[in-house]
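Shown below, as structure tokens, is a lone chain in the form predicted alone; questions about how it binds or moves come after it.
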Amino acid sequence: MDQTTAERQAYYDKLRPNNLAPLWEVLHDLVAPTPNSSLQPAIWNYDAVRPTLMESGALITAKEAERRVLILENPALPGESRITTSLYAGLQLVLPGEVAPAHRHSQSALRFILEGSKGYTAVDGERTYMRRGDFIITPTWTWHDHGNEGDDPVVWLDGLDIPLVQSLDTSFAERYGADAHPVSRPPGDALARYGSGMLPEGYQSVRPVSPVFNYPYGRTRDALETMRRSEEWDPHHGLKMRYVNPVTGGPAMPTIGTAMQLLPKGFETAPYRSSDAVVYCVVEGGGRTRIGEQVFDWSPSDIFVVPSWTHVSHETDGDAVLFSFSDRPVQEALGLWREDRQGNLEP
């Protein structure tokens, strides 16, 4: 060790007891020229995961667990309950006749339905029945419970901003004290009031989230199919639509951006990257996605994740529909979001 290095080390040793550290030793990591995500691309094959999920139904009830969920952990972040650095994802199972009891929390949640047709979720007094492909919102601090009135299991993909809320030290939660919160509005009330291009006279938004909390897949799919007639395919996304708050035109959720895209048979998207790490769920069709140097084959209900600022491209075998979510609204609100549509494959 030369004299200069020894002097610096002696200086650094003096800093630690005072809870100080030299910025110049870590500056290039703290203020990197481009995102250097620790996340890894990963895929969860639904057909492979489903038997393990169903096995949990024999081990613990939905009521005992409060939420019977298998967390989708990014392989780079074991034990941290994260699929990206800012978002959580999991697969939730509700068996016939079960109720997942009512609670509320400061984290915002989305549900994307994978199987079952007689499951329901109730949000602040309105119950909505869930079908495959439906996108459902549970806004922050709203009472909600889930149940299954059918004969078959109900499974959905959960997406929450848990890591983001944790990083801000703003996590609050409360149990209702009963299995179900009282129902005070008929099913479909929110969609009728706010999702038909109209608003009730005197309506004033009280929170930055869409007042529509169920976006049915049938309506979404019809919109995509109607729009495909114009053959206006984006080279990077095919035909991609973002879910929005009908009151503001902004994102449906303030912390989680959601979208649905249609890729026609044989379509291959041009390389694309953005600063938001993105979670995809396959709704229809089959194909493959290149994420960086890795290629993942996918089929319906498979889930995969693309790290921040990593090139991604999709190729389809037939018509395919993909649902996706990310923290893009947060990045946009802070002026941080970026995209690269030039196909530049340099880092």
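As the structure is a computational prediction, the values presented were derived from the model and not from experiment. Throughout, we count residues from 1 along the sequence that is shown.
There is another form of the same protein, the form predicted in complex with a small molecule; it is not shown, and what comes next is about it.
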Taking the shortest heavy atom distance, is residue 92 within 4.5 Å of the small molecule in the model of the complex? yes
Using 4.5 Å between non-hydrogen atoms, is residue 146 touching the small molecule in the model of the complex? yes
Residue 134 near the small molecule in the model of the complex, any heavy atom under 4.5 Å? no
The small molecule contact in the model of the complex: residue 98, any heavy atom under 4.5 Å: no
Just to confirm the contact call: exactly one of 196 to 204, 257 to 265, 154 to 162, 222 to 230 touches the small molecule in the model of the complex at a 4.5 Å heavy atom cutoff, so which is it? 154 to 162
With the distance limit set at 4.5 angstroms and only heavy atoms considered, check whether 69, 88 and 111 all reach the small molecule in the model of the complex. yes
Could you tell me which one of 236, 103, 118, 185 places a heavy atom within 4.5 Å of the small molecule in the model of the complex? 103
